[in-house]
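Below sits a lone chain in structure tokens, taken as the form predicted on its own.
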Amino acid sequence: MKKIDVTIPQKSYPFFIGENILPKLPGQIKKLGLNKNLFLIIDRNVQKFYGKTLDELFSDFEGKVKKQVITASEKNKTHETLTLLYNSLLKNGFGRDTVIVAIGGGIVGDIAGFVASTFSRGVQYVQVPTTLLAAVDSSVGGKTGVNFGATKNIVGAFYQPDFVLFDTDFLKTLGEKELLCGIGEITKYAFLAGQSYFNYASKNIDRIFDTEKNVVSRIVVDSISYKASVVSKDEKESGIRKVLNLGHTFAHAVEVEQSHKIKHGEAVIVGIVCSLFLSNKLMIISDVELKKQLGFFNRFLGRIKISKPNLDALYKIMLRDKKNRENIIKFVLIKTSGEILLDVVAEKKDVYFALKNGLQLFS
């Protein structure tokens, strides 16, 4: 089992990664001196594969253990789900001496983290990501939240877990689409973390679909290490952490406009492509560089399908992005791998150009 330290001034914590380490979960809770009353929030699919295992793991746990299963989808990432969880906590007698354990993908982590940040004005919580996307991205950094209306993650808080535990065996139960979602965020890191990471990812990223242990382990460790280094410098996204939004302004709009028929990681891939076209339109990268960078995405073109996108609707959704200021959309754009520009403003016609050219590759 490998440990990565996520060092944040207000609260630092370990990220554990390894093969067949889920059985270590109860022991880590005890070892780190966390509270004894556990409220497990579990993805319904995870319950199907690991429900009995989890029951056995906590059968002789010293404190109270309650398991609440939820259906993880963007449409359920709402205040109704929050109400269900708050009611269950109160009905079962949980209070401030609670540890909330999120066992699932990014949606479960976002919801459980928000519940942990607000219940009894904040309780301890642990992330157990079960998808590649959650492992490499959403389980680290403290972002929590739910959707409201048609706006993604508009209600939320920054709230750090007490530790994260990722068992690479979880990947064995994931289909190609879920692995692709994780690859979407890994693609983001490939453009952010510099040429060495980019070269390794470009050469090996397809091997993730075969869940090759050495490749998965290295890419997850490198991704988390990079993200941890960024978050440690800027926990609440006032500066350098904005780089982690590469492609996301486009991606969140695509998710909503497509009624969540494509998943977040897939949308991130589309969003990065749109960002490249915008960089080209604003003369940040040349036509030659654009063609070169787009070559990275050829492997995805047959895997992601965008259906009849509405550019006007997409632009209106982008105007609601929570990162905007004074109703101005600000973009994170690529100059070269490892060289990223923040808070770039573009005219509406240039954004439409990027959307049209980026989306048509996946239409």
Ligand SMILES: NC(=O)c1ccc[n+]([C@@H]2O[C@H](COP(=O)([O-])OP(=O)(O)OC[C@H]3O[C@@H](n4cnc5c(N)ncnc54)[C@H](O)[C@@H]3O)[C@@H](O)[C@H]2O)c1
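One rule holds for the numbers: they count along the sequence shown, beginning at 1. Fair warning: this is a prediction, and the values are worked out from it, not measured in the lab.
Omitted from view is the form predicted together with the ligand, to which the following refers.
Comment: 258 to 266 is the region of 81 to 89, 193 to 201, 258 to 266, 94 to 102 lying near the ligand in the predicted bound form, near meaning a non-hydrogen atom within 4.5 Å.
Under a 4.5 angstroms non-hydrogen atom cutoff, the ligand in the predicted bound form has residue 133 among its neighbouring residues.
Under a 4.5 angstroms non-hydrogen atom cutoff, the ligand in the predicted bound form lacks residue 225 among its neighbouring residues. Shown alone here, residue 334 lies farther than 4.5 Å from the ligand in the predicted bound form, counting heavy atoms only. Proximity of residue 74 to the ligand in the predicted bound form: non-hydrogen atoms within 4.5 Å are present. Although the ligand is omitted here, in the predicted bound form all of 45, 181 and 185 have a heavy atom within 4.5 Å of it. For the candidate set 123, 219, 126, 107, a heavy atom within 4.5 Å of the ligand in the predicted bound form is found for exactly one residue, namely 107.
Contact with the ligand in the predicted bound form, judged by any heavy atom within 4.5 Å, is made by just one of 151, 173, 286, 229: 173.
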